[in-house]
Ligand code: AMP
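One chain comes next, on its own, written out as structure tokens in the form predicted on its own.
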């Protein structure tokens, strides 16, 4: 890791920013859509940009030069003080249901889509600045982001990527040299976010609520071209688009559930058409398992509690189906047929989600084959964990040791308020393992590939954010990122990163960054 990764870099006032040209090789397509899809505007410059963190590995995968990005000119671009050559900064228009209440005009109130690049994998990615100043969608907000929420999104999104979950990524974090007023005055920052796109369910809602069927058709065609090209020649391409989004969301939510992840704000404007996790606000990973777990300070009714996430996703997808109905009528032949087709698509969500979830649970339990009763076995463990306040992540990780032999039970029994409850379940589990072809060590190794040891535990995230925001000490942030980059690997001297919070360390609420 170079020094530019580990500590802030000032942009000298007298720097010759032309010495290090930054080449993004933008190939913008969203900017070619009708101009009522967005508002063109540049980011608002900041007082004194400093580079806190640059994701060098991600930069290289995007065919970007990390040294150029870390140069004075690069930092100015990442802060919004300079527009890169080829960029066409935009604030996207969208609507959204927020906790069930529809807001017809949301949009990027503090973000600028600079443009798109094509990575070495041949995939097109958005490069977006978040916290880059007010836009016509700001609704009275300052358009800025605080350092804490920027670093939270950096940590959790990169952890999700390392865990193998589809997600937006963090390319860079830059402090602004300015303070923003939230509950108190706190340091400001800008996040550079990378996404397969920023198309949301709310983007479709923006045009549907206005009765603009032609705009909906243009947007749907664009989504197909960018994310689902295989359905372009389908008999009913718009239904096929809906099917594709549903399938990806079903798999995504199953992955969240298998890791104990709680998004916190599953509004329709935070539901990505590409199937990525997007907008890490009051998100968190559970420690003590319970389906009703909520961390978000604004989710007073538990609408987006851990156990409600599949239901919330389906509700959001139903809103997407409603927006697509006008364009589905032509391919279906009638409004009645379009409604029937949409309902058929939506009915596929639950079985796809359950199939993905149970497949994942079998792997987490060391079951490579499928037998009757496997789902009941998994649900029995989860209920036992809920009754005994067992840590979600460590229960499954220690189960890997128990799979290698009964002597491994000691490390997991203590996670249960009543260890005998685990013993009862484990007897049934071991009986089921007798039907498996793999030997004990091979089984344990396979289980460690799907049961992480390290997650972004809330108290560790808050510790890192507090050090950065209050003392400008970024070392805890750096150390946590390093640990989370290899979540499945056992490593020495890192036990504190794997352990649940002590009572005095517990973080019971997380907060939105706006």
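All figures in this text were calculated on a predicted structure; none of them were measured in a lab. Numbering follows the first chain given and starts at 1.
The next section is about a form of this same protein that is not shown, the form predicted together with ligand AMP.
Q: If contact means a heavy atom within 4.5 Å, which one of 245-253, 430-438, 289-297, 266-274 is the stretch that engages ligand AMP in the predicted complex?
A: Stretch with heavy atoms near the partner: 266-274.
Q: Would residue 139 count as touching ligand AMP in the predicted complex under a 4.5 Å heavy atom rule?
A: Close contact exists here: in the predicted complex, residue 139 approaches ligand AMP to within 4.5 Å, heavy atoms only.
Q: Using a 4.5 angstroms cut-off on non-hydrogen atoms, would residue 326 count as touching ligand AMP in the predicted complex?
A: Contact check for residue 326: no, nothing within 4.5 Å of ligand AMP in the predicted complex.
Q: Although the partner isn't part of this model, could you tell me whether residue 109 comes within 4.5 Å of ligand AMP in the predicted complex, counting any heavy atom of the residue?
A: Because a heavy atom of residue 109 falls inside 4.5 Å of ligand AMP in the predicted complex, the answer is yes.
Q: Using 4.5 Å between non-hydrogen atoms, is residue 260 touching ligand AMP in the predicted complex?
A: Residue 260 lies outside the contact set for ligand AMP.
Q: Here the chain is shown alone; which of 98, 383, 359, 225 has a heavy atom within 4.5 Å of ligand AMP in the predicted complex?
A: Comparing distances to ligand AMP in the predicted complex, the residue within 4.5 Å is 98.
Q: Pick from 397, 198, 144, 152: which has a non-hydrogen atom within 4.5 Å of ligand AMP in the predicted complex?
A: None of the others qualify; the residue that does is 144.
Q: Taking 126, 204 and 239 as the candidate spot, are all three within 4.5 angstroms of ligand AMP in the predicted complex by heavy atoms?
A: Not one of the three qualifies.
Q: Within 177-198, which residues come within 4.5 Å of ligand AMP in the predicted complex, counting heavy atoms only?
A: Result: 182 alone.
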